[in-house]
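Given next, in structure tokens, is a single chain: the form predicted on its own.
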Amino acid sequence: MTPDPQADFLPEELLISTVADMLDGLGHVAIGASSPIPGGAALLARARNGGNLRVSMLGSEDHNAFTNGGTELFDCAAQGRIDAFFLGGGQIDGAANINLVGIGDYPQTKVRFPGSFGSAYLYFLVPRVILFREEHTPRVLVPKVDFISAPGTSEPDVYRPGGPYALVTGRCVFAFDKDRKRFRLSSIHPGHAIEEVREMTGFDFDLPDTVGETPAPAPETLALIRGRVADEIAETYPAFAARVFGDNADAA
């Protein structure tokens, strides 16, 4: 992501703030492995809500009450006790299908991804699934995924309380329209433009008459991100915290 040269915040800080806004007012947010920005967003939302948000971050000892990892996470989701979760993908298409298996005809895939694990299960059960991928290029955001690890939508006769809520990338935010089964451009990050988003997105999406700019983090939000959130996320992602916040912690 190319930062706005006039901005006084980092791209990662913008994404943490943007995602945190989607979590305000929820009761329980779970974060899977290798997700420092969603994890930071959940910790920010908790800090802004006086600690009244339960954060379950797999891989963390300080921010995870689970003792049996994914098993308990899946149980909570099945009981309707997780309000939001994050999914990514090697490929994501315009119907919010994600591909975590590989590129090419399965099973002779030319490129292998980490695997689906519980993505489809959680996609069906968690009411607010936020798709997150920093890279926003046609190789990631494709017209149709090569393999559907988890479908974005289901037939009307399929019981499905969960599903996609939004797609956040390094360039913009898309909202997902469940009735139309497609994305709508919601906002564009500072330093980026509609033409750029069109060019770098492999799938078609709806475009409102007016598309606003993704709000920059307020000073008090930056203070939380560079202070409390930076300290808390370092427990699980020390390399990320050192890279992003090393020179910015407590600078707001």
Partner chain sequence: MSATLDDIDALASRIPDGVKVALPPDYSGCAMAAVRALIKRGARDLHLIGVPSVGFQGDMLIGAGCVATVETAAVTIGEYGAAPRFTAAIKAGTVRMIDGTCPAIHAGLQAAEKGIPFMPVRGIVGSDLLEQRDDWMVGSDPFGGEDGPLVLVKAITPDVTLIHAPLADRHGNAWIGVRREMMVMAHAAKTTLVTFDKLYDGDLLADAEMAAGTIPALYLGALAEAANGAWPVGLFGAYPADDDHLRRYMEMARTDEGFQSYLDAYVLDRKAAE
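Numbering follows the first chain given and starts at 1. Please read these numbers as outputs of a predicted model, since none were measured by experiment.
Only in words, not in the display: the form predicted together with the partner chain, which the text now covers.
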The partner chain contact at F66 in the predicted bound form, heavy atom, 4.5 Å | yes
Taking 4.5 angstroms as the cut-off for heavy atoms, does Y165 touch the partner chain in the predicted bound form?
-> no
The partner chain contact at S17 in the predicted bound form, heavy atom, 4.5 Å | no
Any chance D179 has a heavy atom within 4.5 Å of the partner chain in the predicted bound form?
-> no
Just one of 113-121, 135-143, 86-94, 167-175 has residues with a heavy atom within 4.5 Å of the partner chain in the predicted bound form, so point it out.
-> 113-121
Please state whether every one of the three residues I37, F183 and F203 places a non-hydrogen atom within 4.5 angstroms of the partner chain in the predicted bound form.
-> no
In this chain shown alone, the residue from A223, V211, L58, A216 with a heavy atom within 4.5 Å of the partner chain in the predicted bound form is L58
Which residues in 74-112 have a heavy atom within 4.5 Å of the partner chain in the predicted bound form?
-> F74, V101, Y106, P107, Q108, T109, K110, R112
